[in-house]
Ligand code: SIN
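Next up: a single chain in structure tokens, the form predicted alone.
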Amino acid sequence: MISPILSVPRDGPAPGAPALVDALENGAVLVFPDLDFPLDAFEQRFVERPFADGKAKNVNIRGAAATLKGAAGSPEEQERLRQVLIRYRTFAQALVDRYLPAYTGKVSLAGTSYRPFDVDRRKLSWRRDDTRLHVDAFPSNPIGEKRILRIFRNINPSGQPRLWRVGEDFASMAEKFVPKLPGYSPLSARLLAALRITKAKRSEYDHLMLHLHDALKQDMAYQASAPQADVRFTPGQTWVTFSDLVMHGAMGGQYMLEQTAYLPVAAQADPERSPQRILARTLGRPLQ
């Protein structure tokens, strides 16, 4: 089954429609077509040219201090861009509180990013080529018993859609790829943490997800022939998904805002739908 795309009206789902948390945990992408996030006259410049130093693929803020990293422009322009990202972080939290209230107080917001470059300009290597179907995993930041929830918004000023493709359900993909992955070494995980290559010790889950990320991107036959569908997110649309569960590739578009959030597996409506538990079932044993 290919990940479903579920449009959510401003007033919420219609009676009888799938509950949004259930849809998300089952691998859907929620699309909000008409939520407001205006840019004022000064802020319009941020979608007229990239205000980025080019050293990374995006500009971001993190933590309570919301320090801006990767930006270009005058001090005033950088501060105004920082305020846009702070406002988007607030917008993302409000979206969770209104439409996913079961997660309120359980989700922790991580980085907030401004992504001004066209997708095609970011193909630096096969591993970093996000046009290829993949699931998200962070090499230096082990996730363990957390989920990756992401909130995106297309802010392109000229009508250009954000083009994605989505793949088959996680369990079907895992059955194909997990038997081919290298085994987990707790000793190696401890060494990586001791050398501060990773911010914490990698769990077996983190190990498997990193190798799945790479195996998927390297397998060009799978990229070409796997079940998949194209998706267009038009300017003004906001979309939300668990990017550790939904296979996705970013195929085109320029100017986007993104919020990453973490949700403990135990805080899900049904933890058995998490990739952590799906991988354990695939292996036939609990993960280390």
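Sequential numbering from 1, following the sequence displayed. Remember, it's a predicted structure, so these values are computed and weren't measured experimentally.
Keep in mind that the form predicted together with the ligand is not shown, yet the notes after this line are about it.
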| query | Want to guess which of 244-252, 62-70, 31-39, 223-231 is within 4.5 Å of the ligand in the predicted complex, heavy atoms only? | reply | 244-252
| in the predicted complex, which of the listed residues (Tyr205, Phe152, Tyr114, Phe170) lies with a heavy atom within 4.5 Å of the ligand? | Phe152
| Which residue among Arg80, His211, Arg89, His134 has a heavy atom within 4.5 angstroms of the ligand in the predicted complex? | His134
| task | Indicate whether the candidate residues Glu175, Arg277 and Leu287 are all in contact with the ligand in the predicted complex, with contact defined as any heavy atom within 4.5 Å. | result | no
| message | When the contact criterion is heavy atoms within 4.5 Å, does Leu263 count as touching the ligand in the predicted complex? | response | no
| said: So, Met256 and the ligand: in the predicted complex, are they within 4.5 Å at any heavy atom pair? | reply: yes
| Is Arg162 close to the ligand in the predicted complex, meaning a heavy atom pair under 4.5 Å apart or at it? | yes
